[in-house]
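Only one chain is included here, represented as structure tokens and corresponding to the form predicted alone.
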């Protein structure tokens, strides 16, 4: 959950997720849609799908117990080099260097490691430094301590150096400019796109489609929508989608505005009212269609974008 997501955003979801899936067996037995529903709002939904598949693989191949061997961990869905090392270190006290963004920042400053964070050469130097630092006894505690130090003290900007227990050994601090380590990679410019969404309501319910495929939002429920560079183009594509369902846009009602930022893209959203159709709804190839009440949707596998569209349409209550 903490991959690409802040501690503040994760904490409440972590607790509810463990309440719903308290162990590997319960997670392995759950339908993927149930796992996505518990993950709803955290984004990067491939993580949830990987976690679900990894649990099933652990039950199938390892008797329901997470393997201690790093190579076996690497074979699990979603377990890359860092995740496998972190799990081995934190869960099993394996002396394996695990350098997330926080650990990378701490060690880059303590050793004044030059280079850009994320580059191959810089990552290798950080892992060497981490390996040298790990004690033979309880190395997982040292890994956790470095993570906490970077999260709470050695901040990306304005680090709290006077409070740092490593300040006497920190070459970055001694240089007078600890923030220069590590050099941050340049970010690509923010992209922009327009989304046209259609909300059709029937007897207190709204129609949503299940997105097909295994892409980022695959398997999630969403209002009928289309994305394009301009609003006219997005609206035209939305109209085609709605007609395939036997629906049509209500041009007499002005669209409601919303906005959303996802993966370096700024989305300007226009939420249109769509006219209800008689059942049955025409099937959507590779997906599905379903009517939802607001309370049902609150517990469904939907993205933050879908919730924003529902709120803009007045179907979902405004977040407090």
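Residue numbers count along the first chain shown, from 1. Predicted model, so just to flag it, every value in this text is computed and none were measured.
Although not depicted, the form predicted together with the DNA is the subject of the following passage.
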Problem - The unique member of 147, 245, 129, 166 whose heavy atoms fall within 4.5 Å of the DNA in the predicted complex - result: 147
Fill in the blank from the handout: The listed residue (31, 60, 68, 265) that reaches within 4.5 Å of the DNA in the predicted complex by any heavy atom is 265
Completion exercise
In contact with the DNA in the predicted complex (heavy atoms, 4.5 Å), from 290-298, 22-30, 247-255, 39-47, is stretch 39-47
Problem - Residue contact check: residue 2 to the DNA in the predicted complex, 4.5 Å heavy atom - result: yes
Exercise for the section: Answer with yes or no whether residue 82 is in contact with the DNA in the predicted complex, where contact means some heavy atom within 4.5 Å. Expected result: yes
Practice task
Report yes if any heavy atom of residue 204 sits within 4.5 Å of a heavy atom of the DNA in the predicted complex; otherwise report no.
Solution key: no
Handout entry: Proximity of residue 156 to the DNA in the predicted complex, heavy atoms at 4.5 Å
Key = yes
Completion exercise
Of the residues spanning 87-102, the ones with some heavy atom within 4.5 Å of the DNA in the predicted complex are 100, 101, 102
